[in-house]
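Have a look below at one chain only, the form predicted on its own, in structure tokens format.
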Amino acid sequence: MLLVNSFLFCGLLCLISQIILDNTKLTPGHITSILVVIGAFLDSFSLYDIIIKKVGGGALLPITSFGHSLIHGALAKTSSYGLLGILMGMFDLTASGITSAIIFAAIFSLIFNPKD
């Protein structure tokens, strides 16, 4: 059942994003930013952890989990380092994802040519 819930969560998130994309003038960048903020908002009230328990890894795949990671790391480091811990924690949990995105983007930009 966890696998089905995971699939349904990701599918529902994609469906909502596609409906927004088709019916508004928002760009994919805008929608991505909105989903990151929604993930951060849900984690601020510990709601995203409940979603993760219900749907498993399906909640860790979409872009909303990036917002969750940002806030989760910031709140974890704030308790020990204070205000400076906010920045330290944000980049502590997300550094590997950001670094890999930069490296793969650089590699793929050398291999592939963009379309007009």
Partner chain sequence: MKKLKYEQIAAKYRPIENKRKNMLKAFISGGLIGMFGELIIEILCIKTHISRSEAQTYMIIFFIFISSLFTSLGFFDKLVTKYKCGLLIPITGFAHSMTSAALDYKREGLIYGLGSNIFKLSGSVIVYGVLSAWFFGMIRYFIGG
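Please read all numbers here as calculations on a predicted model, not as lab measurements. Each form is matched to the other, and the largest set of C-alpha atoms that superpose within 1.5 Å is called the rigid core. Numbering follows the first chain given and starts at 1.
Another form, the form predicted together with the partner chain, is not on view; read the next lines as being about it.
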property	result
Distance check, Ile51 to the partner chain in the model of the complex, heavy atom within 4.5 Å	no
4.5 Å heavy atom contact, Ile63 and the partner chain in the model of the complex	yes
4.5 Å heavy atom contact, Ala76 to the partner chain in the model of the complex	no
The partner chain contact in the model of the complex: Gly89, any heavy atom under 4.5 Å	no
Threshold 2 Å Cα movement between this form and the one not shown at Ile107, rigid core reference	yes
